[in-house]
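To begin, one chain is listed below as structure tokens, in the form predicted alone.
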Amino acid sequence: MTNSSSPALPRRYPEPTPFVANLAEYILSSQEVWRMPDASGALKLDWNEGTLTHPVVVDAVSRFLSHAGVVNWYPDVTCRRVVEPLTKLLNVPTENILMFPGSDVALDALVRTFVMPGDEAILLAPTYDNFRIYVESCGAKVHHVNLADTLGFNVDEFVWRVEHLTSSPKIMYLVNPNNPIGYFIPPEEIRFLLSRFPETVMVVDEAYAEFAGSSSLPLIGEFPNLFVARSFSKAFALAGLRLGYLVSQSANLGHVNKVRNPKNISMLAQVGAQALLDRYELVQDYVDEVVAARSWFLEMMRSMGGVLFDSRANFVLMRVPEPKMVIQGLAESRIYARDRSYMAGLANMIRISIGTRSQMEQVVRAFQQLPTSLWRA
């Protein structure tokens, strides 16, 4: 028992590892939509999710809720109902696919499998910042590689900069198409990098590959150092169900599987994904609509004096004089975009996810209501 008259000792908390203590946090986007009594009229264009809900998914999940064990049993850890149709869609063997509750979890598991304190990581910048957190939390050193032309990719310059930073990068991370810019690295340049750095774990994050119409997946069988990460959050519009996967050679995935918790992939995610894999034409129709809306939006906004950059993903980057005021002004119309102006090389930039044509017409009308001095660069 503690004597109540004794002076209170200062409260001490457990100390995190020095790697976690020194981490810079990932900057989140607004969560205002989740505080709205009715968010049905909001356009959430800040996290690049799919912008619609497929009725076939709602129907499949709703029917499955009456299935025995849906609440009290662990999920099917084999993810058979997802993996089997994926193998046909991607034309890769079953043993080359490993499922996760979101591609973020896949990337985290991959890093924990291969990265040790003191290792060096290459991140083509600007990029998706969560990967940095995974690497730094393992005690590895991150090298951000910014090119002379931030808004494009030059493979020779990239190799030159990497080789001047480190002779032995343990892991290299490329988002393709790039997030947040949207440029695309062609497969032949990915092949060149794989050959140039054969001892490096090469991670190609293809969260937006469906919108680009091209992939590095055909290189999997040829290069044992290649991992491709894919997501159901963008083209499949299943971000709320959380599902993603890695594709690599089976020996690689055998190692990653050791740190993976297979019980974390919900049956609702598996059922929702299966519904769309069985009706993949719905996914392709949505992708086609987004690609067409992207072209229309770029043309329309440019004709109004906006400065926007070409993209192969489901988002575009826009340069504006007052990014914070533009983000706030759009939010007043219940349209949510992402401020990217704090990232190196992206001064005055905002990022806008692309939805359907009617949704992007709504965005154009919102810009027309804002003072042009805020958004015409």
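In this text, residue numbers run from 1 along the sequence as written. Here the structure is a predicted model, which is why all the values come from computation and not from measurement.
A second form of this protein, the form predicted together with a small molecule, is not displayed here; the remarks below concern that form.
Can you tell me which of 285-293, 98-106, 192-200, 76-84 lies within 4.5 Å of the small molecule in the predicted bound form, counting heavy atoms only?
Stretch with heavy atoms near the partner: 98-106.
Can you work out which of Q274, T113, S233, N252 has a heavy atom no more than 4.5 Å from the small molecule in the predicted bound form?
Only one listed residue qualifies here, and that residue is S233.
The small molecule isn't shown here, but in the predicted bound form which of S215, S137, N179, N225 has a heavy atom within 4.5 Å of it?
That would be N179.
Report whether all of F19, L123 and V142 sit within 4.5 Å of the small molecule in the predicted bound form, measuring from non-hydrogen atoms.
The answer is no: none of the three residues contacts the partner (heavy atom, 4.5 Å cut-off).
Taking the shortest heavy atom distance, is F211 within 4.5 Å of the small molecule in the predicted bound form?
F211: no contact with the small molecule in the predicted bound form.
Just to confirm, W47 within 4.5 Å of the small molecule in the predicted bound form by heavy atoms?
Output for W47 is yes: heavy atoms within 4.5 Å of the small molecule.
May I ask you to check whether K170 falls inside a 4.5 Å heavy atom distance of the small molecule in the predicted bound form?
Flag for K170 set to no.
Would you check, heavy atoms only and a 4.5 Å threshold, whether L268 touches the small molecule in the predicted bound form?
Result no; L268 lies far from the small molecule in the predicted bound form.
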